[in-house]
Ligand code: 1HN
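Just the one chain here, the form predicted alone, laid out as structure tokens.
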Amino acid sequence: MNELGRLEDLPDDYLAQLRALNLVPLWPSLRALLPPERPRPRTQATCWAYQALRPLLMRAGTLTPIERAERRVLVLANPGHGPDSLQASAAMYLGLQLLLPGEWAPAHRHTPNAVRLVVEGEGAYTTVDGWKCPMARGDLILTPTGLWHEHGHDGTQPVVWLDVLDLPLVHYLETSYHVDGPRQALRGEAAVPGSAGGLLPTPMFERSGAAYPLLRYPWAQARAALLALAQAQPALEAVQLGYVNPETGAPAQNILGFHALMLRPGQTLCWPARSPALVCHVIEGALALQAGEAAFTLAEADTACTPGYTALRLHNPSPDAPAFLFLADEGPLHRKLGLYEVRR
């Protein structure tokens, strides 16, 4: 293929005329926009060790009161997007949020979708659209686009959770904003999943009509379901469950996908390159993760992000205990756009 012309090859007077008319020549940038054969993700394989960053998060609790922070968060910034990028991948934002006993993070709503995966502590809760969602380690709480939500803490120990938002995409689309609101009136405690795993309501079932009929997914139930699945299907390679809308079976949110994965003792999973970036958080156990040429060893509460179009190897180094992981990816978005791809 012929080499394309470079921007510096064009005369200064010609470039000045283009700029004056808000014009840009395509050919010098064409290969950057449309590289041959495969994309060139800016997202880098990155790992954040919880025990290294936890002291910094706790210190933030003493440096900045909640009244001045509103949301006390340390953002997990992917170096491929720049040190101040506030994003883990092209479409995913990650942050570790701290709430101390007696604190209340005031109500607001915003256009980005968010979920909260509880990392440490008990006694906190998130109120979503008036429904109180108690927070225990490993629980997943949805705060979907446009719904009022706030956080409170009635316990005695710090509570930390992992925020996962589609903020980078919503911001790129110039549709990101928030609205502050008053403290919500409680409607009750949020429903939790039923025990009938693998079953969906029939067409005769009268659905709630809510876009998000389930807001809280307790880890105790997800963990039990993974163990039951592993026992029922010992030959199953990937013991994985998706967090879904219980009335439709669709992903729990519209843009990002969320999953719980169990690795049996000593198990290794090798996944082919897929188009979406992936976030992996260790709820219990440990994980040896290889993403292309990058390799990390994750302990409990550690988080990693891997770019799309990268083959992955996940290994549980324990010979006698399973590892339990929370996964988030851009799969629903890629599928909606017709971009989802698996390369073997």
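Since we're looking at a predicted model, the values are computed, not measured. Residue numbers here begin at 1 and follow the sequence given.
Another form, the form predicted in complex with the ligand, is not on view; read the next lines as being about it.
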Would you point out which of 217-225, 260-268, 103-111, 247-255 contains residues with a non-hydrogen atom within 4.5 Å of the ligand in the model of the complex? 103-111
Going by heavy atom distances of 4.5 angstroms or less, which of D163, D139, D129, E120 would be at the interface with the ligand in the model of the complex? D163
Decide whether R183 counts as a contact residue for the ligand in the model of the complex under a heavy atom distance cut-off of 4.5 Å. no
Look up in the model of the complex whether L167 has a non-hydrogen atom within 4.5 angstroms of the ligand, and give yes or no. yes
I'd like to know whether T145 contacts the ligand in the model of the complex, with contact meaning heavy atoms within 4.5 angstroms. no
Indicate whether the ligand has at least one heavy atom within 4.5 Å of a heavy atom of R71 in the model of the complex. yes
Quick one: name the residues from 20-43 with any non-hydrogen atom within 4.5 angstroms of the ligand in the model of the complex. none
